[in-house]
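Shown next as structure tokens: one chain only, the form predicted alone.
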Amino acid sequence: MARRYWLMKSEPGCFSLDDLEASPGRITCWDGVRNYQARNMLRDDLKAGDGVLFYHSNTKPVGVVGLCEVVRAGYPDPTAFDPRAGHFDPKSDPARPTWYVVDVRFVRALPRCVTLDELKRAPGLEDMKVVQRGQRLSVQPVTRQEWDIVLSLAEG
């Protein structure tokens, strides 16, 4: 199967690109997603080897700050079953999991943040999910062309 591309959002006050880089083995599970549409992508679509644009949200400026890679496809989110975890869901049943995670590995920080304003102005990114009004999902598909444009913006 061909490599696919994604954008994953995280608030740097909760989990940043630096936190991912500092994780053991530079790998962590992408946990805490509690939206069914994003859950379905984590469970069904993200595969090992897929590329990820790491996006800092709810900060100034918001934008793409780095790259990571999926290293393990979707599996049940262990935090959903742990009452001590911040993402505990008392309705989630280990026999029929509701929530899923993937494991991601830090690849590199971009030379600079590619801001949301830049993404909105860049030719070729008009259809990118993150620039669309009302698109708030924490996991979004990205085309290969969008991936390449974002990387060229970061390098330029």
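Counting begins at 1, following the sequence as shown. Treat the numbers as computed from the prediction; the structure is a model and nothing was measured.
Separately, the form predicted together with the DNA exists; it is not shown, and the next lines address it.
- Query: the DNA isn't shown here, but in the model of the complex which of Val62, Met41, Ala122, Leu67 has a heavy atom within 4.5 Å of it?
  - Reply: The residue from Val62, Met41, Ala122, Leu67 that makes the contact is Val62.
- Flag Tyr55 as yes or no: does it have a non-hydrogen atom within 4.5 angstroms of any non-hydrogen atom of the DNA in the model of the complex? Yes, Tyr55 is a contact residue.
- So in the model of the complex, does Leu20 come within 4.5 Å of the DNA, heavy atom to heavy atom? Residue-level check for Leu20: no, no contact with the DNA.
- Item | Residue contact check: Thr98 to the DNA in the model of the complex, 4.5 Å heavy atom | No, Thr98 sits far enough from the DNA in the model of the complex that none of its heavy atoms falls within 4.5 Å.
- Item | Touches the DNA in the model of the complex: Gly134 (any heavy atom, 4.5 Å) | Contact check for Gly134: yes, within 4.5 Å of the DNA in the model of the complex.
- Have a look at 23-31, 126-134, 101-109, 45-53 and name the one stretch with heavy atoms inside 4.5 Å of the DNA in the model of the complex. Heavy atoms within 4.5 Å of the DNA in the model of the complex occur in 126-134.
- For the stretch 22-37, which residues lie within 4.5 Å of the DNA in the model of the complex by non-hydrogen atom distance? Contacts from 22-37: Asn35, Tyr36, Gln37.
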